[in-house]
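Below you'll find only one chain, the form predicted on its own, shown as C-alpha cells.
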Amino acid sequence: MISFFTLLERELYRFGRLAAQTIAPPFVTTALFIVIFGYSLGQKIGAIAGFPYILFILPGLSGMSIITNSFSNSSSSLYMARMDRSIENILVAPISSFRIVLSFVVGGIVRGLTVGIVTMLTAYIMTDLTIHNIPLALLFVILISTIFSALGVIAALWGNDWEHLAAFSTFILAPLSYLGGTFYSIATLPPLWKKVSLSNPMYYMVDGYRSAILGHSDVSLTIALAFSSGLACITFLCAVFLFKKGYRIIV
C-alpha cells in the first residue's frame, strides 16, 4: 500500500498547494449566488416545495461545484501525466492498475468532499440553512465525487489535448448539470420536460443530495441512492478497465 498512499499524497498535494485556485472559487461562487438569488432575485421568486428559493437551489449549487472540482482534479492530473510522460514512471512501478486509478479517484473525492463542506458552511453562515441528514449528505458527496472523478480519468485517457477536456465539461457536464434539477423542481415542469429530466442521470444525484440537505425530494430517496451507488461502481470499473487495457495511456 506504500505506492498507493504515495500516489494519493501526490494528488492531495496537487490541489492543496493551490487552494487559492481550487478551494477558494467555490466559496466565492456560492457566496455570490446567495447574494443574487437570496437577497435580490430570490425575494421575487415564490417558495418551492415550501422552501425559499435560495435554500431550494443550494444543494444543486453545491453539487455543481462538487462535480466540477472532482472531475477537473482527476482529469487534469492524469492528462498532465500523459503529456509530460511522467505516467511512465508510475506504470513501471510495482502497483496495480486498480490502485493507480483508485489514487486518482480518491484524490478527486477528497477535493469534492472539501468543496462540498466549504460550500455548505458558506450557506450555513449566510442563510438559515439547517442540514437535515449530515451522514447521508456526506454519502451523496462521496458518491457524486466518485462518479465524476472516474469520468475525469476516462476523459483524460480519451482526450488528445486540453480542448477535448474543455469540450467534455462544456458540452456534457454543464448541460447535464443545469438540466439536472439544480434551479427547479420537477413538479413544476410540463409532462414532456418532466420525462426529459427523469432521463438525466444527474437529476437523481442532485435530488438525492437535496433530500439529504433539506429533507425534500421529488423522487424516491431509495431510487436516487441506488442509482448513484450503481453509477459510481460502473464508472469506476470502466476507468480501471480502460487503464488496465492501456487505452491511450502513452501519447
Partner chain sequence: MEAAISINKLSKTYKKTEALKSLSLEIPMGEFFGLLGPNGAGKTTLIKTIVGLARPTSGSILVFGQNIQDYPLKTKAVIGLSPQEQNIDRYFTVRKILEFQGGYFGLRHKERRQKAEELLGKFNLTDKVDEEFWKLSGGMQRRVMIARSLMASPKILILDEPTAGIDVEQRHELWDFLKNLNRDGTTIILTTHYIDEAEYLCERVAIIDAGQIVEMGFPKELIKKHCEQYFLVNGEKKKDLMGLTVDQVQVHQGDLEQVFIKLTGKKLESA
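Positions refer to the first chain, counted from 1. Predicted, not measured: the structure shown is a model, and the values here were computed from it.
This protein has a second form, the form predicted together with the partner chain, left out of what is shown; the following refers to that one.
For the partner chain in the predicted bound form, the listed stretch (82-90, 153-161, 124-132, 108-116) containing residues with heavy atoms inside 4.5 Å is 82-90. Contact check at 4.5 Å (heavy atoms) against the partner chain in the predicted bound form: none of 21, 174 and 177 pass. Taking the partner from the other structure, the partner chain in the predicted bound form has a heavy atom within 4.5 Å of a heavy atom of residue 95.
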